[in-house]
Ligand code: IPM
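In structure tokens, the next block holds one chain alone, the form predicted on its own.
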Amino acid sequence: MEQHIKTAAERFAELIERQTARVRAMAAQPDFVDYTKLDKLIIGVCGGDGIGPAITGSARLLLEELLRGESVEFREIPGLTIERRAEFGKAIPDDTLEELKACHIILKGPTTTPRAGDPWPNIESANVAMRKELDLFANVRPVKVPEQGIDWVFFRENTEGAYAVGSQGIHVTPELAIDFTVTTTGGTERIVRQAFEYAKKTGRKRVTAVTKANVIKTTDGKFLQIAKDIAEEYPDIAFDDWYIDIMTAKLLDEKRRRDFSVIVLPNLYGDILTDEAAELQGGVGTAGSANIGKRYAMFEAIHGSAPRMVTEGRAQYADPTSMLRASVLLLEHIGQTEKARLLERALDICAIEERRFTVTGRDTGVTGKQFTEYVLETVKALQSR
């Protein structure tokens, strides 16, 4: 037993050293890149796995149309398939990572994360790896259902929490396994400040922090205290906090949920809560996601790669709405606000109001390509008004 404990302590010390180095690297980072001042904006397009290439292709088609005449280059980056990642035994092969780092913006389709029993090696999630490697610390997910009074924007911390060392837990003995959660001052300050700055910029009046600080007193307690401290710098924005368990219920409370606007929360809670919120909007297939850092930004769907649709021959019926919603966030982030609003309006018309064509994931609805053409047609009609 003593040897088991000694080995685990050595592993723990290594983890602490790596996280301490990450804290120093965060402190040394320069400020955000201003994409509007670049001579040329480079957008890397990663199709990923399963239905990813199909729905990512739809998003690229619309973005190329909306950014026609702008100094933008689209680069195809095909190296994130599960087959290639398994071949190299890495979440992101080295050459693919270098290609990603040569871009400013990444448009990324879903990628497969192996689990126990899958025919793939137990490699880390490509999403988690990309967020770490490119330091994409803010995961931004909007959810809107106007008729229910739902207009939420989630700011999920993306590089810390329970996912920071998720594949590096320790089997102390055959009977005892321990994982870790990580909270840093710098990591928490930047995500909370992003949430408040977004609220200030967009005229939103409330920021809500979600933790389990009453039980997880050290890490969640630190997150909540920092949120409270930063809230004092924004006296015109109301601040409150909720625990994750009751918050999952209150998002379903038709009276209370209208009060929420901007929601900031640690990594694991954000992953869970944003899927619940997306279901209220129509399912995870309807929601896009932004992953923001100071140097890079990545935009993606929030759902998986749906390999069953591919094996059943239904990939062409995959709903591209998630990637198209992510494209709205991409346009906003690079300063193309008017074009973002144009695409958002076209999506609202096609997916919510008019619904001339519906994607069902099967031959009972239209293909993803047909729906994309419908959205593109609507964009052009709005442009001509």
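Heads up: residue numbers just count along the shown sequence, starting at 1. Just so it is clear, the model here is predicted, and its values are computed rather than measured.
What comes next is about the form predicted in complex with 3-isopropylmalic acid (IPM), which is not displayed.
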Taking a heavy atom within 4.5 Å as contact, would all three of 58, 299 and 319 count as contacting 3-isopropylmalic acid (IPM) in the predicted bound form?
no
Can you tell me whether residue 128 touches 3-isopropylmalic acid (IPM)? I mean in the predicted bound form, with a 4.5 angstroms heavy atom cut-off.
yes
Would residue 85 sit within 4.5 Å of 3-isopropylmalic acid (IPM) in the predicted bound form, counting heavy atoms only?
no
Is residue 276 close to 3-isopropylmalic acid (IPM) in the predicted bound form, meaning a heavy atom pair under 4.5 Å apart or at it?
no
How about residue 96 - does it come within 4.5 Å of 3-isopropylmalic acid (IPM) in the predicted bound form, if we only consider non-hydrogen atoms?
no
Answer range among 221-229, 88-96, 70-78, 128-136 for contact with 3-isopropylmalic acid (IPM), defined in the predicted bound form as heavy atoms within 4.5 Å:
128-136
Among the candidates 271, 189, 151, 241, the residue which, in the predicted bound form, approaches 3-isopropylmalic acid (IPM) to within 4.5 Å (heavy atoms)
271
One residue of 113, 286, 211, 184 in contact with 3-isopropylmalic acid (IPM), assessed in the predicted bound form (non-hydrogen atom, 4.5 angstroms)
113
With the partner left out here, which residues of 147-177 have a non-hydrogen atom within 4.5 Å of 3-isopropylmalic acid (IPM) in the predicted bound form?
156, 163
